[in-house]
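Shown next as structure tokens: one chain only, the form predicted on its own.
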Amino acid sequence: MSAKDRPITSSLVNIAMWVERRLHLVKIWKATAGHPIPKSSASWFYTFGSMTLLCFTIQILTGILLALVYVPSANEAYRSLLFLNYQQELGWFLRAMHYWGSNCMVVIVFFHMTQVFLWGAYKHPRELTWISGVVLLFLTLALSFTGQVMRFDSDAYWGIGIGAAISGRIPIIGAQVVNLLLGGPIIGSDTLSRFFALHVFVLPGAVIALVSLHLRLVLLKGINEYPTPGIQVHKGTYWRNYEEMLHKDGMPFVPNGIGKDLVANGVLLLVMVALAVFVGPKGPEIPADPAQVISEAKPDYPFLWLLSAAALLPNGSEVILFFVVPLIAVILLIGLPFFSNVGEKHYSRRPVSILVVMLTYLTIGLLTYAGITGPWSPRMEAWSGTPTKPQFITGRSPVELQGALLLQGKQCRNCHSVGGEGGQRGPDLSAVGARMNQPQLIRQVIQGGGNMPAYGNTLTPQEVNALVSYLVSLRPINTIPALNPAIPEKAERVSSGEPTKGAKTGG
């Protein structure tokens, strides 16, 4: 070094030391990025935490940019998303990255919780680390749900309606919770504004606070070592043994232990970019319209298994599905580090934990698959793409033909097949006139029931009459219309095949 350069170097060193004496950056670095970790934890299985943090960072950055264009109004939200998709430069890419980043975040959080559970990292002394992670899982799901609402298309609109219906069943405070979520008696701009505030301010702020606490706990209590079969956790000796292990076989997270995290995060980023480019953003689908009944609100992938469970379970089990099961799950998750605080960590010595994980993923996977491909799922194009066979039209009166048009135009074919063609969400209507009489059909159409929505507010009395007239005519040739089962004598004669007085034949 020349004599001319020495004063400059000395000045820079003095400035750096002046900053260091006031901010203690070296100490902060050693306590955070440079904190010691067990050498065994430099594993691919330990990369899920940093990958989750990457997803959340992408959500924050893309969310800020999207918020510059998005208008949280019932009249403008849908249009602003179309503007982002087709007019704003790279707007579609931002929406796609935000959507797929959300889905990836949910999946990776589940993987991270699974790894922590199987590795026994919730045991002493990391109880609070586990609990904060459980809360972060719930907040992640809440972010995903409120993000779907931001599209404010038909799926989002009826999804809010289903959520409000579930919330309304909460004992004592149900009505207050619904009013708080909707901002009034109907789903409108006030509802969207509240969900926007939750999605953009409340939930991200809570996640940032919980992530800070979670990372603080990780630094204080250390990263769980790779478990070894036969080595158990004892409250009196674990922490002393852990510190001795770090002193003997530890290494700093940066630069020694961060390599696999960088590779895993790079691969994850490439996957999200590929999904954004080749698959694109989600929706918006059909515009939200309270006058247009959607037979099945379709949630995003993280919640599709819940839709399947609600559809496949018997009627009346909604309270168990949406209240009892979640309450038990929360109690088990929060209480896990207190129920099983010490003992064996390695999953090979804990077969029950392996069974729980397998059953959980199998259940969610099969229900999600059913939600995508199951025969109970509506065929949303059936009303416009599935023709009606001639035998179900020929010989009908003008009123009955009007009812056939209504059956098609009101999208009933999405859920009900006629002659084996159409959706299978509801029963086949080919012979409904032999099963249900006119009053029963009128009541079913107006009030709904089971999995069928009520159409009383969307059909005029004349339309109901025409639709039911057509449905009554749907029965095999030479079969009498269904009689009122409340009349035992007639019902008994029909079931035994005996003719009844005044019975009509024909089809």
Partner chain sequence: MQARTLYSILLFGGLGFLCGCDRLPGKPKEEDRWKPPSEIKDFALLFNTNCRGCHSNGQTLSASISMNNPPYLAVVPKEVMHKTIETGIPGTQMPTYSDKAGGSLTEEQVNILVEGIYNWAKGHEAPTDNLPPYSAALGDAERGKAVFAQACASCHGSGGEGTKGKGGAVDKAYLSLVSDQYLRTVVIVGRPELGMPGFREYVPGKPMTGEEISDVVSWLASRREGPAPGQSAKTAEIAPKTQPSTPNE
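Because the structure is predicted, anything quoted here is derived from the model rather than measured. Whichever C-alpha set is largest while still superposing within 1.5 Å between the two forms counts as the rigid core. Positions refer to the first chain, counted from 1.
Same protein, other form: the form predicted together with the partner chain, not shown, and the subject of what follows.
With a 4.5 Å cutoff on heavy atoms, Gly266 counts as touching the partner chain in the predicted bound form. Remark: Arg350 does not count among the residues lining the partner chain in the predicted bound form, judged by a heavy atom distance of 4.5 Å or less. In the predicted bound form, at least one heavy atom of Phe278 sits within 4.5 Å of a heavy atom of the partner chain. In the predicted bound form, the partner chain stays beyond 4.5 Å of every heavy atom belonging to Pro476. None of Gly230, Gly420, Gly205, Pro387 but one reaches within 4.5 angstroms of the partner chain in the predicted bound form through a heavy atom, and that residue is Pro387.
Out of the listed residues Ser397, Thr373, Asn241, Ser212, Ser397 is the one that sits within 4.5 Å of the partner chain in the predicted bound form by at least one heavy atom. Stretch 255-263 is the contacting one of 127-135, 320-328, 255-263, 219-227, since its residues have non-hydrogen atoms within 4.5 Å of the partner chain in the predicted bound form.
Site residues Ala309, Val445 and Leu471 are none of them in contact with the partner chain in the predicted bound form, judged by any heavy atom within 4.5 Å.
Contacts of stretch 59-94 with the partner chain in the predicted bound form, defined by any heavy atom lying within 4.5 Å, are made by Tyr78, Leu82, Asn85, Tyr86, Leu90, Trp92, Phe93, listed in sequence order. A movement of the C-alpha atom of Lys389 reaching 2 angstroms or beyond is seen between this form and the one not shown when the two forms are aligned on their rigid core. Positional change of Arg413 between this form and the one not shown reaches 2 Å or more at the C-alpha, relative to the superposed core.
Once both forms are fitted on their core, the CA shift for Gly257 between this form and the one not shown remains under 2 Å. In the predicted bound form, the separation between the C-alpha atoms of Gly422 and Val279 shrinks by 3 Å or more relative to the displayed form.
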